[in-house]
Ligand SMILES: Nc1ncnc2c1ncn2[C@@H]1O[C@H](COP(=O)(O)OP(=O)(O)OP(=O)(O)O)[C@@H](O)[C@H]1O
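Just one chain is shown here, as structure tokens, and it is the form predicted alone.
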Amino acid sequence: MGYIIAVAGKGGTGKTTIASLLVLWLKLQKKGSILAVDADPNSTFAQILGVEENESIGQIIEDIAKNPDLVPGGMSKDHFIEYRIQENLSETEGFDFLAMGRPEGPGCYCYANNVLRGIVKKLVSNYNFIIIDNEAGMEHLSRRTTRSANCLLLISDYSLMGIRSAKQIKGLIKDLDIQIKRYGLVINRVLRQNHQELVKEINDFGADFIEYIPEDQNLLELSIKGLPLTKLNQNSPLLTAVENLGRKLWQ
């Protein structure tokens, strides 16, 4: 059974960057096979990882919906979709990548969610680790695409609003009875940690562990140049912080 790490948070907190750093850290650790799942149609997961993205689940479903004759005789539509998804896995050195995408047809998005649930359920037996970058905010989780995870990382910037937004997502997950074994609160882009106003909010969050990710000017420079995280300076404090985060994931 693969170890599933879901990453969520409101837009602008850097959740896709954290998800990407985790993928690259796991790759360097050589802990096992890795699948990165982009379940946020608005994210830049592939670009940040330096992966060439193939057809997404949404594109595959739309294509088959518009061209039903593509399904070979004797094969069900669901089996054909699964075959096409497997065919469009982006395989790179150290990890594989799968994008959900956003289908546009009526009812397609719910169907795509059901397909992703089924695919993830099957893939957990093929990979040691699955990192799922969820939609910003609560929309994706409210559709219950991710029904369970070994750990949910809730990403916040170092602000009262960001931490409270992450706490709202945590509450929604409990209301929907999504099975999460451990919760991690990741405070991103921290310049200093002694803002008294936020200490109580963080301590009352109810996370199993907390990790602080420092601000790094090198990351901004990569973003401006459109370069992937693989180009990040190996002395970056981000890498040390993500290594600490990785250790806490399996404590």
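All residue numbers refer to positions in the sequence shown, first residue = 1. Keep in mind that what you see is a predicted model, and the values were worked out from it rather than measured.
Omitted from view is the form predicted together with this ligand, to which the following refers.
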Residue contact check: A207 to this ligand in the predicted bound form, 4.5 Å heavy atom: no
So in the predicted bound form, is this ligand close enough to D216 to count as touching (4.5 Å, heavy atoms)? yes
Closest heavy atom of R189 to this ligand in the predicted bound form, within 4.5 Å or not? yes
Distance check, P228 to this ligand in the predicted bound form, heavy atom within 4.5 Å: no
Heavy atoms within 4.5 Å of this ligand in the predicted bound form: which stretch among 196 to 204, 24 to 32, 218 to 226, 57 to 65? 218 to 226
With this ligand taken in the predicted bound form, which residues across 3 to 23 come within 4.5 angstroms through any non-hydrogen atom? K10, G11, G12, T13, G14, K15, T16, T17
